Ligand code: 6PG
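Read the single chain below, which is given as structure tokens and is the form predicted alone.
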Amino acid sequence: MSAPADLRRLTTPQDLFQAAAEEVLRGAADAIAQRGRFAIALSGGSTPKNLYTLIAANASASLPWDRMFFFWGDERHVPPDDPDSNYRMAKETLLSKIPIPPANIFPILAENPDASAAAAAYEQTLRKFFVLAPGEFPRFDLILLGLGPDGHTASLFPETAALQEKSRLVVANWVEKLKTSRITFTLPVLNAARCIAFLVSGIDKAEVLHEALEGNSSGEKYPSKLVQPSDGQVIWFVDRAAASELSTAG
């Protein structure tokens, strides 16, 4: 049985970024104290970009960066220098501004023209880092996620094949409306995490946030509903505009 979501309402986008940044750094400190390292999966999009900028601006050189390990929950099928690359965005806003050892950064090698091969290679990267036995899934300390206007999260789009994947860790998911593949973690990987943090900002996300948290539509249509860790926490960081259609008080 999954735990109920922890809905954290912030007034402004900046308040949201600040609260999420504090959660990332607190989670890192806790994970390192308890297990000796912190493994985080980053996401793309405008809201995480602002979060990364804030973390970089407030980053302390005294933080144990050598025990933090950065992965990506999904990636566009583009080279790392492409403007659409999630890796490029994280590098420019965060990773180039903190004293992180290059060996602690694990980008998806999406420059491979074969998206399925890129996904398979990243799956092997995860298996090696987490020392997984057959049938095991990696247990990330924190996975950052966004919420698309169509209800997608990571690159798990509505009614796409990846939603049915039960054994693979990373897949190339064909998205018909975009006419491209996206490389993405599968639901079992998301649902094995210790903590999931959704970052949702802006009035354009109000309707889909209401549907994700309070609506009756299926997870096939709103894949974010399928993120339900069996032994982990889900935190929704939402600003007032995004939360404006929610019925729950707060």
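All residue numbers are counted from 1 along the displayed sequence. This structure is a prediction, so every number in the text was calculated from the model and none was measured.
Beyond what is shown, the protein has a form predicted together with the named molecule; the following relates to that form.
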property: Per-stretch contact check against the named molecule in the predicted bound form, the hit in 94 to 102, 149 to 157, 112 to 120, 129 to 137 (non-hydrogen atom, 4.5 angstroms); result: 149 to 157
property: 4.5 Å heavy atom contact, residue 46 to the named molecule in the predicted bound form; result: yes
property: Contact flag, residue 88 vs the named molecule in the predicted bound form, heavy atom cut 4.5 Å; result: no
property: Exercise: residue 76 in contact with the named molecule in the predicted bound form, heavy atom 4.5 Å; result: yes
property: In the predicted bound form: members of 190 to 205 within 4.5 Å of the named molecule, any heavy atom; result: 205
